[in-house]
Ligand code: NBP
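Before any questions on how it binds or moves, here is one chain, the form predicted alone, in structure tokens.
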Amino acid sequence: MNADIGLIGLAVMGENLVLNMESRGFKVAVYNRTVEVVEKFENGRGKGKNFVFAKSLPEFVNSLAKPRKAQIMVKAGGPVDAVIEQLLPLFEPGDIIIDGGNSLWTDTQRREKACKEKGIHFFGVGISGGEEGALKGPSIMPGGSKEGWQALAPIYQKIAAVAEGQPCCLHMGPDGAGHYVKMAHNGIEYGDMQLICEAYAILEAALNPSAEEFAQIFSEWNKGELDSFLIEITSKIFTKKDPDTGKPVVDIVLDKAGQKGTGKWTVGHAVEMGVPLSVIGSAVEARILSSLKDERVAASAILHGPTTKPYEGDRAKLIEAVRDALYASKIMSYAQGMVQLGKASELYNWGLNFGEIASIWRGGCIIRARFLNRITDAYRSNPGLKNLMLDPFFAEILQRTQANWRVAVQTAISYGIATPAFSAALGYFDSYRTASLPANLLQAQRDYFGAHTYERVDKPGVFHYDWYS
């Protein structure tokens, strides 16, 4: 009974996490429902290392030092509940069950409540960084009790990525806070990826750069304000050649994007709470539209866009305009994500700290980027900041880039290129900065057909006009 922590579910993420833990000096018990998976790990990547290779769940539980700490890494939903049901009779009050997958935060809240009734701590822990991050140091977002966190902190903060000397792992708050923050992270990731794709689409339509030129463009962008993991890997993608055809790999990848659901969860709850999430919502819809490949191919033979001609302007200036549009739109995506986190924090009384959240996203995770330092600074200097756009640093960037932002969107329109996320980001900016929107007409329409009433600009109260008189 001396393993520091145990993990159930030896798929790629689970394997890499336990190898990370073991490499940092922890003894780890491992278990998988299929015993052959444990044996393969024992004779492969785990051979000769400080693991307990449990062949049954009781053996696994009995190998754990108290308070027992067991992390579940199985498919979200029913499989997580099934493992919890098997663990609960074997655990004692004070022990800790951890769900390290991408679970729906309301499921985490339900599980935490059920475990708490038995005196057992339940943690929903968001983990970002993919396979490499899990092995070398991810960004970790734990949600659960303060007491349970005291037992987990020495492990998770040691295996996490480090940014500017700080581990990219902090206690997010109670019950579902950790999984919710991870969900919002994934939503911002959806936005980031779609915006990069739209930048690529505009340049491809107008300038038709070679793969080598694209690699150079994104590599240069990654040296400046856009420095981020996603820009970095994008530049590398364009350097890879398909061994069968000799073509760039990106050109032989079918344009059908997949998704696992966190983006849809993010957008759905934003709508429920009345939070504008247009950039992330556009990114989710773009993935859905991409999946309609056969329909799009059929439609392309019937529906035609504008007649275009080769770009006659300055190539370097258009590349700069698209870069600025990407940067400004990226700020909008993060701004909307932070507003959603704030609304959820109020709803569930989580007390989320946005400066700390941004700080642990600086390393290990998929959306890690240089400008997260600025987001951390913004919320540390003004914890009550209503919107990231209002921070002086970001307000100046939006003012500086908005002319090029509009050029990029106008260019996309002139070439018939769909840029839903760029356009949504610009629409959000223009709506938020506008003191008077045309919603006065909309509310008049609602009052006309449904007697929904309206407020007036010149005096307080609620009014209804007799439109049919």
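As the structure is a prediction and not an experimental result, all values here were calculated from the model. Quick note: we count residues from 1 along the sequence shown, nothing fancier.
Although not depicted, the form predicted together with the named molecule is the subject of the following passage.
Problem set entry | is_contact(residue 127, the named molecule) in the predicted bound form, heavy atom dist at most 4.5 Å | Yes.
Exercise. So in the predicted bound form, does any heavy atom of residue 167 sit within 4.5 Å of the named molecule?
Worked result: Output for residue 167 is no: heavy atoms all beyond 4.5 Å of the named molecule.
For this session: Give a yes/no on whether residue 82 approaches the named molecule to within 4.5 Å in the predicted bound form, heavy atoms considered.
Result: Within the cut-off, so yes.
For this session: Decide whether residue 73 counts as a contact residue for the named molecule in the predicted bound form under a heavy atom distance cut-off of 4.5 Å.
Result: Yes.
Problem set entry | Heavy atom of each of 32, 101 and 131 within 4.5 Å of the named molecule in the predicted bound form | Result yes, every residue of the spot touches the named molecule.
Exercise. Which listed residue (52, 37, 418, 407) meets the criterion of a heavy atom within 4.5 Å of the named molecule in the predicted bound form?
Worked result: Among 52, 37, 418, 407, a heavy atom within 4.5 Å of the named molecule in the predicted bound form occurs only for 37.
Problem set entry | Segment assignment from 296-304, 206-214, 327-335, 82-90: heavy atom within 4.5 Å of the named molecule in the predicted bound form | Of the options, only 82-90 has residues within 4.5 Å of the partner.
Problem set entry | Within 4.5 Å of the named molecule in the predicted bound form: residues from 1-40 (heavy atom criterion) | Contacts from 1-40: 9, 10, 11, 12, 13, 14, 32, 33, 34, 37.
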